[in-house]
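Below you will find one chain, with nothing else, as structure tokens; this is the form predicted alone, and questions on how it binds or moves follow later.
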């Protein structure tokens, strides 16, 4: 069993579907430093958790990086979602010709006494002009790939292509390669 430290039920459901192994959601919180990269945030959080949990632990940090906004909200995606939401991002994008963006994910995983391993994923797409779809969470209704938003995809399709699907898939490969 792996402890997945997250308060986000959506992330937990996605990870459980992708990993195919037992996960235990731990909503215990950890310090999220103000940093320039997702990797820095994950490593700092994992160091805090290593001393508090006895067993395999994983955390995941993700962000929406909008080209026209110089990568904003990026590492501040959770805060931006809580404060300005999708409507705020769409307002910031008014008149922007370049609607390119990417979702990025970094998973940190460690077993007791081991160094933290990082697994990354990225999904390129663009910011839609209006929210669409009922699925997913967070920025999914405004992030478009191949003409549809992530919120318009089913969970299986989303997990197959998503940034989180890639990072968790890389972690799954790592774990399946161990004996």
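None of the values given here were measured: they were computed from a predicted structure. Residue numbers count along the first chain shown, from 1.
Omitted here: the form predicted in complex with inosinic acid (IMP). The next part is about that form.
Legend entry - Position in contact with inosinic acid (IMP) when the complex is considered in the predicted complex, options 45, 138, 121, 125, heavy atoms within 4.5 Å: Checking each option against inosinic acid (IMP) in the predicted complex, the one that comes within 4.5 Å is 138.
Inset, instruction - Select from the listed residues 67, 39, 111, 32 the one whose heavy atoms reach within 4.5 Å of inosinic acid (IMP) in the predicted complex. - result: By the 4.5 Å criterion, the partner-contacting residue is 32.
Legend entry - Contact segment among 112-120, 139-147, 126-134, 47-55, judged by heavy atoms lying within 4.5 Å of inosinic acid (IMP) in the predicted complex: Checking each option against the 4.5 Å cut-off leaves 139-147.
Inset, instruction - Report whether the minimum heavy atom distance between residue 81 and inosinic acid (IMP) in the predicted complex is within 4.5 Å. - result: So residue 81 counts as contacting inosinic acid (IMP).
Legend entry - inosinic acid (IMP) contact in the predicted complex: residue 153, any heavy atom under 4.5 Å: Heavy-atom contact with inosinic acid (IMP) at 4.5 Å: absent for residue 153.
Legend entry - Non-hydrogen atom contact residue 62 with inosinic acid (IMP) in the predicted complex at 4.5 angstroms: Because a heavy atom of residue 62 falls inside 4.5 Å of inosinic acid (IMP) in the predicted complex, the answer is yes.
Inset, instruction - Note that inosinic acid (IMP) is not shown here; using its position in the predicted complex, name the residues of 158-172 with a heavy atom within 4.5 Å of it, in sequence order. - result: Residues within 4.5 Å: 158, 163, 164.
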